[in-house]
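Just one chain follows, in the form predicted on its own, and it is written as structure tokens.
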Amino acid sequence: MKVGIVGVGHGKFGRRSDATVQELAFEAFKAALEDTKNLERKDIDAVIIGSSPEYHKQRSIPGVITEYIGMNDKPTWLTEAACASASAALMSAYMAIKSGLHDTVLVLGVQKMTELNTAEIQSLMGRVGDVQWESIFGTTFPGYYAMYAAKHMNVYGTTPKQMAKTAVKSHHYGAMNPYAMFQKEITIEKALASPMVADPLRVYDCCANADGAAALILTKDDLAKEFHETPVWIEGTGSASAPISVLRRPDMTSIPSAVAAAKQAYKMAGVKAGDVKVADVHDCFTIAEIIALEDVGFVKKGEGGKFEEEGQTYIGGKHPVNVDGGLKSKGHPVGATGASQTVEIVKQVRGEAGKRQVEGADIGLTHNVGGIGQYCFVNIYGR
């Protein structure tokens, strides 16, 4: 039995002072329902929420959201894997359908981060690292990825200009995405002149905290055509974990969970990296995109920076990547990001991405990292 995606919905990412977390979820859910045909609430067997609960004033948000969107008395639960929470929800839905437990499942990735101030958010995110040996010394996410960047630069010669070129690409496509937090182009000069956050990462190397939601409706193959004319199939899925402490990582130029998850997904789908026509990878920082290109096998180790500098991740390049703006331009509501990536790839595979459409995008990939690599989920999608 195959599992397909028959409905996708995406809300606006940004500082959403106009909406509660429930309202953000409803915005995406409503869009996903409208994306289907002949599918009603009664056809959905379960609701799985991907979110990181510490950011919300409301506790136990799956119950609150499921009530608000009119899905009581269906079962509901939360998956939490830091920035990969929605991808964990997607895998849970896939397993529930594949096992025969449920036929049709709603996945909602949602996060409202801006109820907290920047210092509170940085403190929370820092505690995704090892609280015994690392976060007590003031680690932050920019600090962690600055270490990745410095090591990658030292070993492979990656340059600030190459990282800036990655940001320029992200903002180029974010300017075309109505859901993105930042819808404006930038120049390499502006990126390189922006203030330093954690050396060598500058402001334009870093994604922004955001509010937002994205929704996915999954079902089994013999129902899929009833609910959408062009179901997009999950052809392969992979997930892996890595030590929580970077002190125990063998290599600071790669995320081992991403390498392992990608291998699993390719094997299950029966494809190779070169077969992927479009991808969304986890670019919480520009160096993260460069490393992701290498970890999922689009380029050899150490060649990610050069690949970006050559423009090969643009539409028309060898591997179009993050042509929705990525986390860098869309913003990063941590619980929603994995679902947002999947919405984009589903639209690409259907041929519905408009002026950001990649020609011939019959196979797509998402790569979603949780924390500093403690979790990673890689999925392959096809028509």
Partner chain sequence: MPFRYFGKINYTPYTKVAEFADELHKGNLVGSKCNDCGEKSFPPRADCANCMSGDFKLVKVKPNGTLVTFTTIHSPPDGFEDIAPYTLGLVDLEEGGRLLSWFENTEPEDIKIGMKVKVIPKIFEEIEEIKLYYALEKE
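Numbering follows the first chain given and starts at 1. Being a predicted model, the structure only gives us computed values, none of them experimental.
Quick note: we don't show the form predicted in complex with the partner chain, though the next part is all about it.
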property	result
Residue stretch of 156-164, 207-215, 261-269, 122-130 approaching the partner chain in the predicted bound form, non-hydrogen atom distance within 4.5 Å	122-130
Listed residue (Met176, Val197, Met71, Leu192) with a non-hydrogen atom within 4.5 angstroms of the partner chain in the predicted bound form	Val197
Single option in Met95, Leu223, Met147, Ala82 placed near the partner chain in the predicted bound form, where near means a heavy atom within 4.5 Å	Met147
Ser135: touches the partner chain in the predicted bound form, heavy atom cutoff 4.5 angstroms	yes
Contact of Arg249 with the partner chain in the predicted bound form (heavy atom, 4.5 Å)	yes
Any non-hydrogen atom of Lys151 within 4.5 angstroms of the partner chain in the predicted bound form	yes
The partner chain contact in the predicted bound form: Thr139, any heavy atom under 4.5 Å	yes
